[in-house]
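Only one chain comes next, encoded as structure tokens, the form predicted alone.
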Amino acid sequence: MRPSVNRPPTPDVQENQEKEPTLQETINIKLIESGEKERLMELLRERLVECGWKDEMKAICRAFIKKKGRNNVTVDDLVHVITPKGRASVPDSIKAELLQRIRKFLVSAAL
């Protein structure tokens, strides 16, 4: 059946039913409700400062701004440049520590 030109097609019955949250969504909800997500974020901030990651990212931003000119750079430009470098340069030890903490939380939350 062709949809009407003047109105959008009627949604399917399945679309109206509430969808079951995915495992990832369920875990995220539990982390937020328990306050563990905020504790993990704070731990991550501390570890990134301790290892010099934050200073390294700041230096990359400053070099980019200097190269392009202060008035020719937007926040979006900086985000676009620094995001891949930032993600790739997080030390494996920090990733492992956070993963261990998340696993420990999941075991204690019986998920």
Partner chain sequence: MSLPNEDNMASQLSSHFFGDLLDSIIVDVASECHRIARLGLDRNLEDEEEELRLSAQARVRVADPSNSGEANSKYVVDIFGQSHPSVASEVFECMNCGRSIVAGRFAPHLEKCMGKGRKARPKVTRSSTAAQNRYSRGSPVSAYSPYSNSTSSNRLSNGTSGVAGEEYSNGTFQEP
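What you see is a predicted model; the values in this text were computed from it and never measured. Positions refer to the first chain, counted from 1.
Missing here is the form predicted together with the partner chain; even so, the following discussion is about that form.
Legend entry - Ala109, heavy atom within 4.5 angstroms of the partner chain in the predicted complex: So Ala109 does not count as contacting the partner chain.
Legend entry - Contact set, 48-63 vs the partner chain in the predicted complex - heavy atom within 4.5 angstroms: Read in sequence order, the residues that approach the partner chain (within 4.5 Å, in the predicted complex) are Leu48, Trp53, Lys54, Met57, Lys58, Cys61, Arg62.
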